Each structure stands twice: as structure tokens, then as C-alpha cells.
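Take a look at this single chain in C-alpha cells; it is the form predicted alone.
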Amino acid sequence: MAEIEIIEHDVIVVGAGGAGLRAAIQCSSRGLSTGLVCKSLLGKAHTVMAEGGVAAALGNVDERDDWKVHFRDTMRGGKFLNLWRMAELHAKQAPDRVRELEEWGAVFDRTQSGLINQRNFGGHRYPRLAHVGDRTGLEMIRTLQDYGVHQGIEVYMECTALDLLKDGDKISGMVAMWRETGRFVTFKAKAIILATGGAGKAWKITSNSWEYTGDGYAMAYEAGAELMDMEFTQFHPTGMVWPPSVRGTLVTEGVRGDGGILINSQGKRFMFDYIPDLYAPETADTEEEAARWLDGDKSARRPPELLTRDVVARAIRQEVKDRRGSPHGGAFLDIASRRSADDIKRKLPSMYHQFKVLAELDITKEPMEVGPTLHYFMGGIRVDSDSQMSTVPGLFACGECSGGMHGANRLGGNSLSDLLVFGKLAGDGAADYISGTNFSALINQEEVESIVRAGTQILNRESGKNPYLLHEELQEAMQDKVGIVRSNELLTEGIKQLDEFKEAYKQVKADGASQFNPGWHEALSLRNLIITAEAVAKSALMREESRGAHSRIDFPGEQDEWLKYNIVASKNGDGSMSTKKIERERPDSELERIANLTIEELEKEVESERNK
């Protein structure tokens, strides 16, 4: 224990995706000594997988766009369960964050007049997604890294965060482990910002890669923070379904934004049959009108393929259930008949390459087979809208690992602007907290020893459960019992299985020494996956309605009563998890008015304000 390395900073940011990098840049710009801890290599964050674009009401392609319209779209997409203040801050600040990114060197696609180009996306009234082909996230990470490395930020790569440390009720640091050597390290800090992303690896079919194991959720939960809206797990409608080795790999919504259509095995464009009443006034009900909208006719309504992700995902699932799916259990996504080969290769280069290499399919000639894949957590650590601080003093969260911004369903492209807006706010929040707080700068050695002992006992057991097999069982259970459609019976069975997994985890065993030991790393991640999975399942059982990405076959449809509540999960004194309903924040009357205007009323209001 005496040999454990100690590293000290004012603030530690955990996670080096878009949110973590933006938070670290902000902390450094405020004069804080900033450390950035990442589980993998710098640059290998999930932000690079965000292909379609970053949503911001710049108005470069359609001058009618405005923060109010973006806010209204976000609230309606989230089924009005979003935190009003977070959605307001996001819509208002996103344009400035995108322009700032451009100033820092991001190379966006351009309109003919030289402005940042924007494309259509599901749930957005106007072309709103600033993009770089279908590699927008990659360009964002490149820009933030290039800018960030010159700000004096210390980066600690291939370092897995294990648990947080507290001095009384305040955060005082974190224990982590170097993945290469297996040696432990204590980070001493006045504040910690979690930007660790989601936990898609709890499901069998997911667009997420190995890093997404709910580390931030579990560490915050263990430290006493609350997890909110965890029942809302987004299944992106279009993941690859063939071959099996890449099942779940994301197919960007940009394919549909650029005119791609969904068809079933009978050759029918089926999305016209699944338009919900809420979106009917804004959605084309004929192919002719949908085509006019894509050609820029401002009087036409948008195609049904650009409905929100929950609607499209359930439609594909229904087609498969009714035996009208594609040969491998999905639907066909056709861009080949809609755009020229040169257009497709220019606008969707990553998609062209992805299918050519992984599925030996030329998307300029043939349709893709796609189906729902677990993609994103709308829920996360409960934070204050303005500062991003959790209920634990000194613990902040931003990006996917925080909750509240997206409500019951996230609109495509809002994740990238979310990273920028709330990454900055988290950095400012941490800086303000540090400047206004007295610190005793104590590290509890007993806490450190307990965390280290919990990690090493996995290696020291004589025998036990194989972590890979336990992870596989967890994924099967979550896919079957806590999937795209849920019920009391399924969720209750799933929670019972999770209780069994918790017991099995107490005896999990990884063979070998601590150096270069992927089995040990798998076992350490399993604790976080099980905690996250339990929060999702218990929250889903409590919410007795269907709203957005949470769909209950025993409680179909939205219930006004449930719109009053968010569900939070927290740790009891005996170590068990409890879930409870909390009353939602009351909306500002002006925000409520904007969200409930018809699009025609809002367009007139925005135009009138501009004419003044």
C-alpha cells in the first residue's frame, strides 16, 4: 500500500470523449491544474462513432431555424420528460459551441456560400446537423484533442478508474489502475468530472464497444449520487444485422437524412404506416410529398423515415414480428435507388467503406440490412442543470453519463452538441465549486485499501466464476428481459437473474497475474455493468407506462400521471438499491409556452422577432 502512486490535480476528468475533453479544456482555461484519465488510448472515444452531425440552430441551410424550434423539437422528442432548463441551455448555447469548434480548427462541410453545411435528421424540423461527411465525431475529437493538448492538460491513458474517494461528504479523489502493469494509483483532487459514457455492453446487440461498461454510473452510485431516468435506453433503429460478427454496428441516421428509405421483404416502404398522432401534422403521408421535402420544398412535410428513433425502432421490430423482415431479422435501408453512386461515396464515405469491408456489400448498388441496436442512455447521474454537479459535493458529470437533457428519447445529433454545451458547463461548475470551497486535502487510506483489496481478491481466489461467461449471461438476460419491449413479467424475471449475477460476482475469478490481464479487466468492469443493469431494470419496472424509448406491453401508451415524475435509483445503507419517484421541476412558463406552440405559430413568432 505504501508504494501506491499518488498524483494530485485540482480537478480530474474521467473520460476523454467530447464531453471530457471539452470539460478539461474549460477547467484548464479557468486556471485549474487538470488531469484527464482515459480507459483506452486518447482518441479512441465513442464520440468518433457519432457520424451524422452535431445539432445546432445555426440556420445556415434553412434561415427559419432558431433556438426555440430546436428546443421545441428536443422537448417533443424527449416526450416532455426532459429537464426544461437543460434543454433550454442546450438549444441556446449549441450554436456558439459549434462556431467555437470551427474557430479551433474543425473542418466542416460547406454550403455553396461557404457557411457550415447542415443536413436533415430524425426529429429535427429543419436541416440542423453540422457535419463532416459521416465522420463528424472523428473531426470533433481531432479538433478538441489538438486544441486541448496545448492547454497544459495532463493525460493519463490506459488507466481504469475503480472508485471515488470522499473526505466527509465531499469528493477528495479516486483510485485507479494502470491497465498495462496492473499497479494502482491514487488521484487526489478537489473535484472530479465524470464523462465516462454509457453501458451498452450490458446488452448482447449494441453499437457500443468494449469501453462502455457503466463505470461512471457505478462509481457515482457507490459514492452516494443518484441515477435518474435509467429506464430510458435508446435502441437506434439502424444497426448492421449481417454478418453476425458485426451485428449492432451503427448505420448512421445520415443515410435516411440524405434520402434513404426503409422497405420490408415485400418491397413496401412501411414507415407511412407507423406515424404517431403527435407527429402526423409534421410528417409526409405520401412518397411524393416526402420527395418534395428532401428536394427543399419548404411547404412539404418531412419523410416518415425521419421520425424519432423510438418510433422507427419499434416499426422495424413490428415488421420483423409480422414476418415482413429481411432475411436476417431486420429491414432493408435503401439509398442506392435515391442517390447517385458519386453522391453516396462523397456524403457517406464511412458507410460505403463499412459495408464494403465488413459485409462485402456495395451500398451504391444494393440495400443494407438494418435493425435496432442498443445505442445510448438518456438517463444517467442526476446533476444540477447549470453547474452539472451531482448530489455529492465536488462530483460533476457531463455527456452520456449524466441524465436529464434528453428526457425519454434523444434526437440524433443532440448528443454531440450536448457534449460541447455541458462539457463546458461542467468545467465552469467545477471551477466555481473549487474557488468557493475550503478543502482539508485528506485522503482516507482505509478507503484506498478497501478499494485495492476488492480489486485484487478477484486474482487471489483459488476458484470461481469465469467473468467472460458471467458477462455473456448478463447480456443474454438484458437482451431478453430488458430489451426494446418490456413487461412486468419479463422485468421481474430479469431482476431475479440480476440478483443471481450479483451473488455470482462475489466469487468471480480471473486467472493469471495483474500485468496484461484482460480477464481481470473484464471482471472489474462486470461490477459496474451489473449495477447499471439493475438500475435500468428496476426503474423500468417502476415506470408503468410507455414513453419514448421505454415501452411496456402491459402499460401501452403515455400516462399523464407519469409525466409528473422522474425515477431515481440510489444505494441504501445496507448496500441494496432502491428506486423512487421524484417530482419533476416545474417549467418556466415561457418555456412551456414555446414547447406547446404548433410549428406554424412558432415560425411566425420567430419571423416576427427577426423583423423587429
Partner chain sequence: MALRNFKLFRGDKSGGQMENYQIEVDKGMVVLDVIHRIQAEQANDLAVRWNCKAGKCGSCSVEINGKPKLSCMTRMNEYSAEDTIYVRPIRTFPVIKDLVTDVSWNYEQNKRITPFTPDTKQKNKNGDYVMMQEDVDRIQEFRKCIECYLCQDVCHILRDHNKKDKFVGPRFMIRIASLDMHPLDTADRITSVKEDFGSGMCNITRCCTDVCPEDIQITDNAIIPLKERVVDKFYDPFLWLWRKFLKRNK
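Computed from a predicted model, the values in this text were never measured in an experiment. Residue numbers count along the first chain shown, from 1.
The next section is about a form of this same protein that is not shown, the form predicted in complex with its partner chain.
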Could you tell me which stretch in 183-191, 103-111, 253-261, 497-505 has residues with non-hydrogen atoms within 4.5 Å of its partner chain in the model of the complex?
103-111
Given that the partner is absent here, does Tyr468 sit within 4.5 Å of its partner chain in the model of the complex, heavy atoms only?
yes
Just to confirm, Thr391 within 4.5 Å of its partner chain in the model of the complex by heavy atoms?
no
Classify Ile443 as contacting or not contacting its partner chain in the model of the complex by the rule of any non-hydrogen atom within 4.5 angstroms, answering yes or no.
no
Quick check on Ala291: any heavy atom within 4.5 Å of its partner chain in the model of the complex?
no
Does its partner chain come within 4.5 Å of a heavy atom in each of Tyr279, Asp480 and Lys580 in the model of the complex?
no
Of Asp384, Glu158, Asp167, Glu493, which one comes within 4.5 Å of its partner chain in the model of the complex, counting heavy atoms only?
Glu158
If the cut-off is 4.5 angstroms on heavy atoms, which of these, Ile335, Leu138, Ala176, Ile434, is the one near its partner chain in the model of the complex?
Leu138
Using the arrangement in the model of the complex, list in sequence order the residues of 61-91 with any heavy atom within 4.5 angstroms of its partner chain.
none
